[in-house]
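Just the one chain here, the form predicted on its own, laid out as structure tokens.
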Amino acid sequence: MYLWFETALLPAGWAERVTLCIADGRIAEVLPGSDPAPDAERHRVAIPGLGNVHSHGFQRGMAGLSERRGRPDDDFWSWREIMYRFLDRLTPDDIAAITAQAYVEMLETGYTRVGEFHYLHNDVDGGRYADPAETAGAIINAAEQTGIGLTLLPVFYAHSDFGGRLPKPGQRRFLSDIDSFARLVEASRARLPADAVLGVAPHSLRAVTPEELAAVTALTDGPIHIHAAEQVKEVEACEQWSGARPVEWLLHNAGVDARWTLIHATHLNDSETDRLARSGAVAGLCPVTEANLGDGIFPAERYLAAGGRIATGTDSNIQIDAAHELRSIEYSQRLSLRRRAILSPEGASVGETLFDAALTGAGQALGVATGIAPGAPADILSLNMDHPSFAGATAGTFLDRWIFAGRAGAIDCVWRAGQLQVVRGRHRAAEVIANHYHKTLERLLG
């Protein structure tokens, strides 16, 4: 299969007249400065697909249900109670239907692989399904139905707070011990498609003891993801338990390195920021959800200046849009620091800087190669150059136009592993999946 583009973003920068040879879902050859072969599909501008490093697929079904003030101090913790009530009614089929809708929206907006931070393991009464990977199978079903690449991150969750406190009733669908979690991991591994990646996700230092953290991370040589320092209350509780802040504790005690992704890492002091940057780990930023929940603002300027690695995630899936996540990282810094063009070197494009950082960071966090390069998965987006956002654009402004000025319809086609999943901005199965999603939500919420 051959694709030909007038312009394409390669690892070395923008190139003209680029032919891509695709075989077995990967890019076999990249030929800049070439004429299109007779059987090549012709398109205008290609960029690599992005990885979404943090998703809770089922939460797409509760988007907009918490936007009513319930008490004067509404925050993450009150939102969590709404989330617990919503998930209590979900069957594996419901999880698959909701997650498939989320994955369609990811593909349509530029994400070609997702890290599913999957913690809804148990039946509604807290009991194990006969198949430990029953709900993991629902996630895999959604990924196969939509064609998105999957890095599955089964979550270990055993406690309600620091120090191994007993779990709360609302957490019964999450819970495992080490032995049952090991069985869950192996059962999930057996169900994964060929190009999927399996990691593990100790939920947070609230939900695991140090001994459990060590046992869980020993179960894989793949990616390790963990929530860390999302909330001020969490930081304060960690200090009371251990005398250290969450990221400080992890850096001192958990061997954090390039295999790790710390999700959110919102509340860092300067020392933690610098040390996390030096560790080689990825900070998995979810600025749209973090804004929705009132979490706070990640210290991106200092972290990136120290060489830190970032990627983006859609987390609660309140709104799914790769460009919006990238834009929100920069805009949060502008609002906080009251300056512009903060996260790029002088004279450089902010959009390209953010895109390159998120592309590379997501590949590391999700355990896959990225970019339009030989050997990488053929995960490619074409921009819709007839869209008003690209009027008069040149290669030097394509990504700034998409990230800061684009809106629905800015992406034309999406190939995932060489398969065309999105055409003229619409997923090939969007209508069928949306109809199933509507029926599922009408039943659940009716």
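Numbers follow the displayed sequence, beginning with 1. All values reported here derive from a predicted model rather than from experimental measurement.
This next part talks about the form predicted together with a small molecule, which is not shown.
(message) Looking at Tyr119, Tyr303, Trp249, Phe162 here, can you tell me which has any non-hydrogen atom within 4.5 angstroms of the small molecule in the model of the complex?
(response) After the contact test, the surviving option is Tyr119.
(request) With the small molecule left out of view, choose which of Tyr331, Trp241, Tyr84, Tyr129 has a non-hydrogen atom within 4.5 angstroms of it in the model of the complex. (result) For this set of options, the contacting one is Tyr84.
(message) I have Phe76, His227 and His264 flagged as a candidate spot, so tell me whether each of them has a non-hydrogen atom within 4.5 Å of the small molecule in the model of the complex.
(response) All three within 4.5 Å in the model of the complex.
(message) I need the one stretch from 367-375, 317-325, 96-104, 200-208 whose residues put non-hydrogen atoms within 4.5 angstroms of the small molecule in the model of the complex.
(response) Within 4.5 Å of the partner lies stretch 200-208.
(message) Under a 4.5 Å heavy atom criterion, is Arg80 part of the interface with the small molecule in the model of the complex?
(response) Arg80: contacts the small molecule in the model of the complex.
(request) Examine His56 and determine whether its closest non-hydrogen atom to the small molecule in the model of the complex is within 4.5 angstroms. (result) Yes, His56 sits close enough to the small molecule in the model of the complex that at least one of its heavy atoms falls within 4.5 Å.
(message) Does any part of Leu293 reach within 4.5 Å of the small molecule in the model of the complex? Heavy atoms only, please.
(response) Heavy-atom contact with the small molecule at 4.5 Å: present for Leu293.
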